[in-house]
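Form predicted on its own, single chain, as structure tokens, below.
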């Protein structure tokens, strides 16, 4: 698996995201810039310029029409994927840590940080898809403050009007988007801050990674922990592989403590775990620092990782990956 190295950022990566077809890869980083790349050859298609702070988070709609981004400059921006033009900007009192489109692309949910006397909040905005996308409402469809531990991650859950969140204390919760009521919560989902949350394609289950050195698979409806993958380094990202029973994990020691350890001990590898058997089955090296974000193409033919070193590495799977029998001789109907 020879990786394609994408060099378009000057600082560490914060989030990478494939579009639904898997032919485009979007990358956000601490250098204020968002890039978009062709997945098959790693060619840079363009950039989205306009933020004045670390871009913490991005998401693209299922039609690859709109891109949404959240940044440390307290802004959330809506972009035209095709032209790179900023269509609309929402302003907040604190940084936007996570953004996500709903399944039907007509809503965006975002989490703003708790800071400087402002409470952390979850905001839901209706997206007007008529016309060129510049006619958006500044007013949220709803906004609420999660009680207790502050939320760092959010996404639309398995049914419309439900939001799943990951928190600093390690808890995951389900909120009603209309009332802001906490419908379900699992306080002990993790023992430390939840660093990533990615849903399966049908949103019936999701994977989380945490600084407590574990990644976990949860059922969306009940938040029950189905599987646990325990490693020996803090994890920053976890992704699910469509079509194969694999979970990809990435992390590594903080950059500060890395100088005292060798690269080998830093564990800067993408680690493949068997989703069902909870066993590690492979590792891919390459980054010179912790892996901050991992994404798998919805087609299942490649994956990408973004690191503290400022590089995005795109790995297209070899033929042997598709021939491998993850369940031994057992044939599984897809």
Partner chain sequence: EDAAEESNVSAELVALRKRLVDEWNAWRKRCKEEIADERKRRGKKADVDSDEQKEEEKEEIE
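Residue numbers count along the first chain shown, from 1. Predicted model, so just to flag it, every value in this text is computed and none were measured.
One more form of this protein, predicted together with its partner chain, exists but is not displayed; see below.
For the chain shown alone, residue 277 is a contact residue for its partner chain in the predicted complex, at least one non-hydrogen atom being within 4.5 angstroms.
Although the partner is absent here, residue 227 lies within 4.5 Å of its partner chain in the predicted complex, judged by heavy atoms.
Its partner chain in the predicted complex comes within 4.5 Å of a heavy atom belonging to residue 103.
Interface membership of residue 171, defined by any non-hydrogen atom within 4.5 Å of its partner chain in the predicted complex, is ruled out. Of the stretches 293-301, 268-276, 38-46, 25-33, only 268-276 has residues with a heavy atom within 4.5 Å of its partner chain in the predicted complex. None of 150, 244, 221, 213 but one reaches within 4.5 angstroms of its partner chain in the predicted complex through a heavy atom, and that residue is 221.
Comment: its partner chain is not present in this chain, but in the predicted complex one of 132, 91, 139, 202 has a heavy atom within 4.5 Å of it, namely 202. If you take 139-170 and check each residue for a heavy atom within 4.5 Å of its partner chain in the predicted complex, you get 159, 160, in sequence order.
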